[in-house]
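Before any questions on binding or motion, here is one chain by itself as structure tokens, the form predicted on its own.
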Amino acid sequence: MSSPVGARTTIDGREVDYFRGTSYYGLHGHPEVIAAARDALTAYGVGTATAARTPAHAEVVERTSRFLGTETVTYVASGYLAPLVLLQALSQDYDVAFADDASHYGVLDALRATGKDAVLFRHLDPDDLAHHLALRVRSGEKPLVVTDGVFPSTGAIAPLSAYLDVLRRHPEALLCVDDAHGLAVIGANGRGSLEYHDVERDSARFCGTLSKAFGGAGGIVPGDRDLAAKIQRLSRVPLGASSPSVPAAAASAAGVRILAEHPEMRQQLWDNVRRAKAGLRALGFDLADTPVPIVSLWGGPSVDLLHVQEMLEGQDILVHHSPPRGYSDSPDVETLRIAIFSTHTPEQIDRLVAAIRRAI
């Protein structure tokens, strides 16, 4: 890649229609985001080389808290580390964890790092969760359930309401959501999976990243001041891992500001998703009716999706081919992952659909 990422991106010297990655609003290449990073680099350098934070880091906390409607946000080195920070902070509040078996690597690694018992339940299956809870939770024990909010390969949305219904039999249970692909993308105000399911008031915690929809970098653990205090007391990540670089923090703050000031960008993203899915459904693909900008195409026995991906690339249209089990939640068959951006034009989306029609 030799240009800022966006709907049109330069790859290997060719300008292409880019339907890959996670820059759902194209903010990584937004002039204001780039300018904010450049100005912060000039003012403060790359990093502080201490635990001190700069105005850019403070702005991330202030703007992200306001966007997500939380008291505060803990800002850490990467989104991959955010589930570890959250689970370490809650380590004294649960006895045994239960995780969707297709959760992101960061979730599963975080569970291993806590050293506590962890049980995997079938992907997106509240009945299987209930089965394992009945088998494994003894009297007086507190369970914790953890899952992705939006799954990165397929775009599936976790059934959080159903999980909470199951957990009502365990009054002190906790639900934790890694919402890396949900924040700023779904929910009426872009607050992610909990808002989408209207369960923000329930006893759920969440974490995420600024490296995807927000156009920046670094992980976030939003919450109240009690959670922030637990993080400070029980998690080693903020102490042991350097904070995101100053330019990355400034870029992140700019991305959050732009999305807060321009909610029409979110509507444009949803409109583009609707257009793309309608066109692909007309080709016979079965796609969930959600606003998630991750479109996963599953091939039948007569469709060679790798060949489809290669034919699209020959027409300067880039999508991602995933082999069976190629990523954390990839199914047992090959898929094409298509990322829709708010900045894709109707002509680009129609050209993508037409190219897939010819290729299959």
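Because the structure is a prediction, the values reported are computed rather than measured. The numbering used is simple: start at 1 and walk along the sequence shown.
Although not depicted, the form predicted together with a small molecule is the subject of the following passage.
In short, of 177-185, 118-126, 228-236, 274-282 it is 177-185 that has heavy atoms within 4.5 Å of the small molecule in the predicted complex. Residue contact with the small molecule in the predicted complex: Gly155 places no heavy atom within 4.5 Å of it. Under a 4.5 angstroms non-hydrogen atom cutoff, the small molecule in the predicted complex has Ser78 among its neighbouring residues. Taking non-hydrogen atoms only, Thr209 approaches the small molecule to within 4.5 angstroms in the predicted complex. The small molecule is not shown here, and in the predicted complex it never comes within 4.5 Å of any heavy atom of Asp100.
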